[in-house]
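Starting off, we have a lone chain in the form predicted on its own, written out as structure tokens.
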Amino acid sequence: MEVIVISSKKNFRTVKEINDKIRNGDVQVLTALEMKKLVESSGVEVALKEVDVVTTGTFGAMCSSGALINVGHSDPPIKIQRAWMNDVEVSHPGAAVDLFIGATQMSEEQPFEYGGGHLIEDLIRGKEVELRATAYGTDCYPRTQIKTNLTKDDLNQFHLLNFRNCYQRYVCAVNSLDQTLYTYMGKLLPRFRNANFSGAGELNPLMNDLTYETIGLGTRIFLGGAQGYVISEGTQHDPKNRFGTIMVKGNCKQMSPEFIQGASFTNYGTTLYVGLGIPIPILNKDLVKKTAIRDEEIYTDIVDYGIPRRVRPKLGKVNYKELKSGSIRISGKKVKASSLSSFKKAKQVSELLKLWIENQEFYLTTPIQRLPTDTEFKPMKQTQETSFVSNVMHDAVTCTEDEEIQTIANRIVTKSVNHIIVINADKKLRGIVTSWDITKAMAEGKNELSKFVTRRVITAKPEEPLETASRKMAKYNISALPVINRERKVLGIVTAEDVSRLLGK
């Protein structure tokens, strides 16, 4: 006799039953913020009985975004090899006239000001854009170049395709260096003078269903002001460390520029801000508990972006309630915290999605396959050795501020160096002087070193890639970097000659 095993964990309701309630106009929908308040005031059992759907939302910079378009065949036809739209180069991933607009690809005419994200927004707004394309020419595709103007209505397909979106959470980024850093986490001021974070915290879709019980392949979502779908786990999906991501698609022709916006990060590049929301069907008690998660329960790491990724230290943990308060503490010091994403917009997404469901404009789907929960992000396998500052740094010639100019001049001559590092009694960096500075001081008959010391010194750490050190020297037009540790003790020096010698090999 066949034995049928029935799971002891029975759902309180099903997605089909919820969709029937939407159709009948008696569905009960709360935003994630409203759900948390209900659970706190009335408990899990009441929330389970009263609520059918919880809506979530997020609105932040999604660099791993883009749009797949088909521009149609020209007459005579062209098999596009390279193409530009508004001077943004777009890739050619497939057949003759399929193109992909990458959000972070920058304009050749206006780099750092206009890029693929802005181009996608312009098309969604209905603006006309210029297409230029070149090709090598074939018998069936004889054309070798074309130039025309297009709007979204001229495109056969215009689909947003974000291969990594909706991070569960982000690290909190800070900077220990003496100089400002410009990163995908925004502008990081020197010596821990600010902290940047992103993400909607307790409103984030993936934080409200941590085990992806209702989220997976085929889940219908709010995407850019229209309906879209989850098509896979996102790239770099790392659920073991609660850095889950999703891959999504949607029809850009139906989207709103209110929820799709191009943006530029100073001295970093361009990106695309995306509004995304997922409805969480309340099928059982566990989902009530998941959607009751609060900001104070969501922790992330404080990470020093002034240190290379391979040895980047975690300075502590902080929760989203603290981050959203506007300040955090690092080693006892109060530091201003700023969000790169918009909680106001995320809240708006959740409220609009709630309205769609209540107005019978949006129905829920059951995923045909849930997101994986056991994967972990792996770094790139590298088969070539990377050179670091520690490979070329050498002992620095130093002095203290109370030494005479003549003494330092003699040291420059006997040591055959162009840079002298100024230190204190603890060997901590106080500044730098060059042979030119000393020559000038002697020519003017001065003997006080302090008037010739450069105080704002660009430095390096031994674990930095040599390419980073080289880029710093080029950016600031200098020829040497003192190498220091986290306590600012001088460990050595690296010069332009050192870099050229090794990279030249």
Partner chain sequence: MAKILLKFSESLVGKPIISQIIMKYNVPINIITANITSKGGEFLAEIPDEILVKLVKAFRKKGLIVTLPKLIDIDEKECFSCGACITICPVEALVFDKDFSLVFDKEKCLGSTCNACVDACPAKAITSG
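Residue numbers count along the first chain shown, from 1. For clarity, every value in this text was computed on a predicted model and none was experimentally measured.
This protein has a second form, the form predicted together with its partner chain, left out of what is shown; the following refers to that one.
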Partner absent here, but in the model of the complex, which of 212-220, 241-249, 343-351, 391-399 has residues with a heavy atom within 4.5 Å of its partner chain? 343-351
Heavy atom within 4.5 Å of its partner chain in the model of the complex: which of 236, 435, 110, 338? 338
So which of 229, 170, 265, 305 gets a non-hydrogen atom within 4.5 Å of its partner chain in the model of the complex? 265
Even though the partner isn't displayed, in the model of the complex is residue 324 close enough to its partner chain, meaning a heavy atom within 4.5 Å? yes
Examine residue 329 and determine whether its closest non-hydrogen atom to its partner chain in the model of the complex is within 4.5 angstroms. no
Contact flag, residue 177 vs its partner chain in the model of the complex, heavy atom cut 4.5 Å: no
Is residue 189 close enough to touch its partner chain in the model of the complex, meaning at least one heavy atom pair within 4.5 Å? yes
Looking at its partner chain in the model of the complex, do all three of 182, 194 and 261 come within 4.5 Å of it through at least one heavy atom? yes
Relative to its partner chain in the model of the complex, which residues of 144-170 have a heavy atom no more than 4.5 Å away? none
